[in-house]
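What follows is one chain in structure tokens, specifically the form predicted on its own.
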């Protein structure tokens, strides 16, 4: 039976779902080309009804580009270098109170690896173990978010850049979330990465907007989690502008994926902001993700900008 391609959600404005894709299908270049076109034009693809294995996940990911090994070694899967394993266990990821509810796996709106000077082109995510509630993965299309900006704000942010740095705790990020966040138990990740944060992950700079290379569409390039300030405007007015942009982004149309077995989810990291809702602290949520190599070529280390 041939696979089918359908809209992801009525009225959303982005995203497709691909149903029944088989491993043999991606051997055909016509299929590979069709999938790449949907990825670039839609930003988000949900694969349903496939026989999901780590090997298929890796091979499907390669349809969209070469894969890279994640720079944070603590996240890499032991048996597949191309995969990272994300476990919601409170010892590994910490335990937080989010708006009064104890949760694990919470991650505010962000773009992957925004804290480096090279932004990977995408990721393909699967759920190995799901929880009884929560653990949804949310997406906002920043092409659509830019189109929805008022014209005066589009003009004001042209040419601006934002300084970012890796944040190891969602409660530390000024723009990461409007939720009330309290750390109950510090994660092993924070304990390991935190002491070498400035050495291994110094601040970087990325533009607030850029043009999508394949389509010429403008993208609002903003990652609330990890954002520090607008370059050259680390003052009250600059922070007010950055907060206005974050508020606009997080109010833009969004899609929240409630995971089921045998699903894979692919996004274009150059344009899609994403987040993860909290999950039960007494249950384990296990996700695996590949990272699709690429760089839009517009990020720099802050030290390099200051020396220029």
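Because the structure is predicted, anything quoted here is derived from the model rather than measured. Numbering follows the first chain given and starts at 1.
Quick note: we don't show the form predicted together with a small molecule, though the next part is all about it.
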- Task: Just give me the single entry in 117, 112, 82, 161 that has a non-hydrogen atom within 4.5 angstroms of the small molecule in the predicted bound form.
- Result: 112
- 242, 60, 276, 264 - the one with a heavy atom within 4.5 Å of the small molecule in the predicted bound form: 276
- Query: With the cut-off set at 4.5 Å between non-hydrogen atoms, does residue 285 touch the small molecule in the predicted bound form?
  - Reply: yes
- the small molecule contact at residue 212 in the predicted bound form, heavy atom, 4.5 Å: no
- Could you tell me if residue 289 has a non-hydrogen atom within 4.5 Å of the small molecule in the predicted bound form? yes
- Message: My question is simply whether residue 165 lines the interface with the small molecule in the predicted bound form - judged by any non-hydrogen atom within 4.5 Å.
- Response: no
- Using a 4.5 Å heavy atom cut-off, indicate which stretch of 103-111, 182-190, 233-241, 216-224 touches the small molecule in the predicted bound form. 103-111
